[in-house]
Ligand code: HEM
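Given as structure tokens, the chain that follows is alone and in the form predicted alone.
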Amino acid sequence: MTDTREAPTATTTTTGRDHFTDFDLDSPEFTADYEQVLGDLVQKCPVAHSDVAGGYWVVSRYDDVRDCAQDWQTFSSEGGFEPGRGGEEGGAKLYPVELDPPYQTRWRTALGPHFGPRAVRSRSDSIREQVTALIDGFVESGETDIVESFAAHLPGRVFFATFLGVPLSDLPFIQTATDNAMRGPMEGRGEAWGQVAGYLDGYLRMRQDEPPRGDFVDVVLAGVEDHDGNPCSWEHKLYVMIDLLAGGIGTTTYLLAGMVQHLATHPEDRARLAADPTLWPGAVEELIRYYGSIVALGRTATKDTEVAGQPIAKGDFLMLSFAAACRDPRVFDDPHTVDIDRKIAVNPAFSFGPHRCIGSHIARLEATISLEEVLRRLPDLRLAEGSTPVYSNSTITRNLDSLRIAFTPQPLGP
């Protein structure tokens, strides 16, 4: 890949890296200067360049990200969701994330009814049980790392206990494997994806021998027609399960931890939200915009084209930065500030087009129930003395790895 642009003025960051022509999603400089880099990309360099993993482009502005995501014929998902995946042979795939229509559409249509608003709302009591159980684990202590005790565990408990109905004793192994696959060192991700695939393969085979339960797993087992119009393979069914698990476990932790961080550091917002539940839907949408875990997802150009005036050659890899699009001042006033009164028509954190997040309603419900219970049971939460949030980036995700909070100890109970 050759960068044919006239180089823009380098972004100025505290670490000095030029993120316009030497970008790296995994760089410590990006982690350290996350908000500034995203803002600079949107304002000054709508298509940045990286030499990492064979080279890729980073598309940042709302309109460009939306247009690329909707134009699947030109920007294909089948080259992988992150740099370096397109050449994998025999590795675990994420379907339908790494599929294009019409095969992707068939999966989306089949699974959709199980992830729509009404279907998801029917899981509210079970999700609240998981939230309550986790809060019970630390509410008497007066201090906790909210990531370790709550945010990192709720998505997995919801996926397994609420949607799959499997023993929670299985969760530590599979959640660790999923976390390593999505956020761990690059050299270990292949092995971790293999562990995830092995577990889900066993689960699917068990369910295949049971009566139907009327859930999305039955839909996966029934399958859809593949690219060639044939019944899809067992391997493809497994890939769909891997994708649903990765989306269910790997992308909500940052939102939940970020929500608690905001409540702990903005007592005026916390007081307003505690007093007025009608603010919750808009506040949750705004928190999703700001604390969306997915930084960017990949596309491969199927022909010579251009984005924001930048020539893109056939075969070039692009990362569509949904996090940057969420900070585009052309769409969001004061985008680097959480404004719980903001009205969001379309949330770019969930992507656009055929790959718009199928689990968006689950994320909203988890966040809303968590918000309600945290406000009720931790009314005076604050950052623990001397606490500093610990962040990391792992190619496609932004992570909050540690956040210690303090509060007046509370009794157990509903």
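Everything numeric in this text was worked out from a predicted model, so none of it was measured. Throughout, we count residues from 1 along the sequence that is shown.
Below, we refer to the form predicted in complex with the ligand, which is not included among the displayed structures.
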{"item": "Tyr62: touches the ligand in the predicted complex, heavy atom cutoff 4.5 angstroms", "value": "no"}
{"item": "The ligand contact in the predicted complex: Gly248, any heavy atom under 4.5 Å", "value": "yes"}
{"item": "The ligand contact at Ser351 in the predicted complex, heavy atom, 4.5 Å", "value": "yes"}
{"item": "Distance check, Phe115 to the ligand in the predicted complex, heavy atom within 4.5 Å", "value": "yes"}
{"item": "Check all three, Val97, Leu244 and Ala363, heavy atom within 4.5 Å of the ligand in the predicted complex", "value": "yes"}
{"item": "Which of 370 to 378, 354 to 362, 384 to 392, 33 to 41 sits within 4.5 Å of the ligand in the predicted complex, heavy atom basis", "value": "354 to 362"}
{"item": "Listed residue that, although the ligand is not shown, lies within 4.5 Å of it in the predicted complex (heavy atoms), from Leu134, Leu200, Leu164, Leu297", "value": "Leu297"}
{"item": "Contact residue in the predicted complex, from Ala264, Met319, Val196, Leu255 (heavy atom within 4.5 Å of the ligand)", "value": "Leu255"}
